[in-house]
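Here's a solo chain for you in structure tokens, the form predicted on its own.
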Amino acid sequence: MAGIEIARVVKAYGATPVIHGIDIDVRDGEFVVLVGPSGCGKSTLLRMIAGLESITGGTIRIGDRVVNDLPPRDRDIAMVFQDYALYPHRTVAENIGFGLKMRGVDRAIIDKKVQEASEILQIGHLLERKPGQLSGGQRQRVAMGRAIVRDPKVFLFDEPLSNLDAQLRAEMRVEIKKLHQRFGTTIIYVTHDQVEAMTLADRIAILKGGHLEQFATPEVVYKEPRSTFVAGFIGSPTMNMVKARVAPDASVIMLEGGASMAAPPAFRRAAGRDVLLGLRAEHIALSDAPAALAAQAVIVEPLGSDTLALMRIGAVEMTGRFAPDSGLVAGKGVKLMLNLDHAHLFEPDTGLAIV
């Protein structure tokens, strides 16, 4: 196993930069997820770690070696691709063991490793089939088996579950987590799916436009987002974001459209300023308290375990998460309390958190 150090890494295609001096330090045995929207640079960064893309500037270390100029085969990594990259004319067993065969590994050792990997992934009964006879989930297990038998220092996953349906994605997330717990190998995993990022990662690196927005544990990026981008990208439903103004004495915060509430002591840091008020759905509650805000349910979405509802408070709309038996009906008036002890304040111009 090995840690990975990504230091001031830059990538440009001609005069067009796509990665802007990223620093990420992945600890030995850590599961790090690179997440962000399409075009943010996450797959490009992964391919530079793998050696499939050249580096314009900066340094990448795997263990104690600088690997900038090493070809992929010398980096002691194994990569699992989005499209599985299986040989259609070879059996499952041949696909899993092919990399070892090309390295000249003894046939008996290959057979042993293939058998062990197939048992771990529960595909032992498929070893004589061809990829065309497999489901998407089975093909992904074969691709993972091919990576496992390499016994690499680092596993790299490039959106491996994006071709699967929702149920299979959930099942494969569990399998990937089990593999990490079993082997303890360093993993860097790319996805655009924040649910995958939150459920799999020890730490999440959130990218936007080739820049690193935040690198922290799932709990920290959820509870302490550094920007409106992170706040909006992580969490489902997305964090409510409302224009507001904190009174000069920080006693009150006024939402766009006129609704106002008593401000908690922490809002003193933004006294007299225009802000973006961020609040997650679970921090909005139905209430009959005198200070509750008059609101109207606009759209109600029953989800079984809970209910999401888009609420209109004056000129402002916010999504709340409520109990399934809350009795919410679209068009019906209600009263709400916003738990501002869990609110976030951001700069309207830059989108950065006000701390």
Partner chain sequence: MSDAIRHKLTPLEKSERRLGFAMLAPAFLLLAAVVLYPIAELIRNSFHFNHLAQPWMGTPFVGFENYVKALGDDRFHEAVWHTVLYILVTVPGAVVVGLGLALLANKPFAIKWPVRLGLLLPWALPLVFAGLIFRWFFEYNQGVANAILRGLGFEPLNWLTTPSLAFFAICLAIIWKSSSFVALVLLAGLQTIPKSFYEAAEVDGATKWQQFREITLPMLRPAIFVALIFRTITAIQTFDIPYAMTNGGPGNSTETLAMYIHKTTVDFLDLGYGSALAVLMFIVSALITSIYLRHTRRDPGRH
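Residue numbers count along the first chain shown, from 1. These numbers were taken from a predicted model, which means no experiment stands behind them.
Same protein, other form: the form predicted in complex with the partner chain, not shown, and the subject of what follows.
Residue contact with the partner chain in the predicted bound form: residue 78 places a heavy atom within 4.5 Å of it. In the predicted bound form, at least one heavy atom of residue 72 sits within 4.5 Å of a heavy atom of the partner chain. Interface residue remark: residue 86 is counted as part of the site for the partner chain in the predicted bound form, having a heavy atom within 4.5 Å. Proximity of residue 166 to the partner chain in the predicted bound form: non-hydrogen atoms within 4.5 Å are absent; the residue sits far from the partner. This chain appears without its partner; in the predicted bound form, the one residue of 61, 47, 321, 312 with a heavy atom within 4.5 Å of the partner chain is 47. Residue-level contacts in the predicted bound form: of 223, 90, 177, 211, one residue has a heavy atom within 4.5 Å of the partner chain, and it is 90. Taken together, 269, 273 and 344 are entirely out of contact with the partner chain in the predicted bound form: none brings a heavy atom within 4.5 Å. Residue heavy atoms within 4.5 Å of the partner chain in the predicted bound form occur in exactly one stretch of 91-99, 196-204, 238-246, 276-284, and that stretch is 91-99.
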